[in-house]
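Coming up is one lone chain in structure tokens, specifically the form predicted on its own.
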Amino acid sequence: MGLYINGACAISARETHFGDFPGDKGTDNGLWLKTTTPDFKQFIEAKSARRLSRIIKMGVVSSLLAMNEADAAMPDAIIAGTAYGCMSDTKKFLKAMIENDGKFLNPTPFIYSTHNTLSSQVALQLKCKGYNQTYSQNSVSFESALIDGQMLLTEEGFNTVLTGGIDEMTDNLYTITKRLGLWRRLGEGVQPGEGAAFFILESQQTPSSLARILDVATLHGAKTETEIENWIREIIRKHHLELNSLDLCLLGKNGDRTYDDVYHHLETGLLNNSVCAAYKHICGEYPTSSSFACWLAAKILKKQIIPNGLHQQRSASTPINNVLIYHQHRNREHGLILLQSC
């Protein structure tokens, strides 16, 4: 069975929501790369738009645009991956709890603050009553959502699955994560970021198909460079491919020298015959940024063009048939997505 991306949309700091490759200039508030969003009122009823937080509106609009690209009427399932959930609504709820000493609280901010609010609100906007799930597995939340979508499409009754990854950055979250040391080693590297990317997954290829997903995999626990290499090599061999058939490798380098050595080792070793490029300097560092990389890879495979600014060491030859996405978070969580042209 095939797994095809038949529609996709990414909301990022570089005005990618209408399907264009990232531009040269993004939105930078001085602390993190903030998403450049479309006019939400063009897609969401004004009454709903006023009560929904920005991250929920990003999820709804990116889902609608992905469906439009695939010409999909209604998904059979909606699956979201998010590590942080709705942080702005969480802040509202906690602030009200402190100010009111835990009394007479408005339940709405609490309801909106939960992680599954994202997929639920997308379902409400679409009036979709099907399977609805949210995965929150830190930096492999998006991969977990993809794996679930892949499994659903093997079951009877599931033909179209809407799945994506989404996370936001707020002032409070930035302060807390910086205090925890998350950004301590980011010298001249990538800034923190945020974004939303949603995909229409189907088992059948259509004229709108962007790419085929061959495999999605995760690896947990601190691993040696040899273990990571063997893991990647095994997945490539499983699909009867050779390492030199990887035309492009998108690696999750983020400027943290301690853990970027994992990518450097792959670039100079296992993947030295492939064109390796970075993507987090475009979208920023956030747990589900691999969803942006998946959108970028799908667009590259469809258009057969690698956009400028990916920091690749050399130009890739065409045709571009196979793209590997690999990222890791502090060598504790590893995610891999293998895509192929269709």
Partner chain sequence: MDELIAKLKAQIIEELSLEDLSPEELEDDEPLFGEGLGLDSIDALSLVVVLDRDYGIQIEDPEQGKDILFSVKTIAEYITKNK
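Numbering follows the first chain given and starts at 1. These numbers come from a predicted model, not from an experiment.
Not pictured, yet referred to below: the form predicted together with the partner chain.
With a 4.5 Å cutoff on heavy atoms, Asn106 counts as touching the partner chain in the predicted bound form. The shortest heavy atom separation between Arg314 and the partner chain in the predicted bound form exceeds 4.5 Å. In the predicted bound form, Ile111 approaches the partner chain with a heavy atom inside 4.5 Å. Shown alone, this chain has one stretch from 111-119, 205-213, 191-199, 252-260 that lies within 4.5 Å of the partner chain in the predicted bound form by heavy atoms: 111-119. In the predicted bound form, Ala46, Lys47, Arg50, Arg51 are the residues of 46-82 with at least one heavy atom within 4.5 Å of the partner chain, listed from first to last.
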